[in-house]
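To begin, one chain is listed below as structure tokens, in the form predicted alone.
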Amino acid sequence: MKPYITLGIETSCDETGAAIYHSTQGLLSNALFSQIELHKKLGGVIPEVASRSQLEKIEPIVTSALEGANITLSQVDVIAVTHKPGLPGSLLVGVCFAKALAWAQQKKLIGINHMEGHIFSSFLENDVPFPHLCLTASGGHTALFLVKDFGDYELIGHTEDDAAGEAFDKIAKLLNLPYPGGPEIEKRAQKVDFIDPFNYPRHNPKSLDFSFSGLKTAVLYDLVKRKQYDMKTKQLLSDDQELKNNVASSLLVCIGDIFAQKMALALKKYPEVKAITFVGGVACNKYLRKRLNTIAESHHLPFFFPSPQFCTDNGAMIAFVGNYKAAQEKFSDLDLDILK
């Protein structure tokens, strides 16, 4: 079978990523422009700001990926691009750019589901066996998948409202902590050795689905009860650093418990699995990785997670999925859009 050289493009939210993946040589390059510093000033991702930045950065990022792989666009066989789910404006930037390249250069085009990119991101550095359980967690999604083969996966649990990363961001904002909230929450929890003084409510332990909106509300009402937050002015009334550390720690332990409960329940339901993977931006969290690794070890299973550069949104995971879809001849037409 002819080896494919795939250009992967990712613009589903606020990152602009491009990468080159070779069927036999693996990942040849991975270029990324992150907007974190821009959105820190704004307190979160502003969709229009994100898409405008991507319009400016997509061409140089794709050029950087090609140069990093030491190839020209003419040598690329396939152009893979995230086309759902995500912010509409951001998705359109990537899809329109990819379609223009594919048409102008007469290249094959493949639309990639962003979630599928994350699900298989751990394969960029690991040989993960099938079937396995994959927990995806970021600011935009929290879900549990039974992964049976390349491109063959089943959603077995999903968030009913907020994602885990979204809960981190919203509660960090409540505490006047910087964006993104996840790293700051973990840093403060570590200062008090991951204690759980407030014992926030855990979501239904009998379900594989997730819910974090209630957790956010529980933290808010607890702060109001402690006379630390004013609902009228929507302001934190205290700059008590110990309080912030304890809230952060209880929050992180609570989410760790939820993840561990869901994974343990899934392992009972699917005893045939051979591994556990943890992917998405929240997989950068060392405490949560430790909690899931403990579950994996208790079931004598290997545990895999991507390096931080492959946890957050990136072109490499899109190029990898695009490459195996090309081998399966699952190409898209030039009418590819963000609604299909």
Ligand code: KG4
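Don't overthink the numbering: it's just position in the shown sequence, from 1. Here the structure is a predicted model, which is why all the values come from computation and not from measurement.
The protein also exists as the form predicted together with the ligand; that form is not presented, and the subsequent description refers to it.
The stretch from 183-191, 122-130, 196-204, 98-106 that comes within 4.5 Å of the ligand in the predicted complex, counting heavy atoms only, is 183-191. None of the heavy atoms of residue 111 is located within 4.5 Å of the ligand in the predicted complex. Of the heavy atoms in residue 281, some are within 4.5 Å of the ligand in the predicted complex. For residue 138, a non-hydrogen atom is located within 4.5 Å of the ligand in the predicted complex, even though that partner is not displayed. Taking the partner from elsewhere, residue 65 is found to have every heavy atom lying beyond 4.5 Å of the ligand in the predicted complex. Proximity to the ligand in the predicted complex holds for all of 166, 169 and 311, with the criterion being a heavy atom within 4.5 Å. In this stretch, 7-32, the one residue having a heavy atom within 4.5 Å of the ligand in the predicted complex is 15; the partner itself is omitted from this view.
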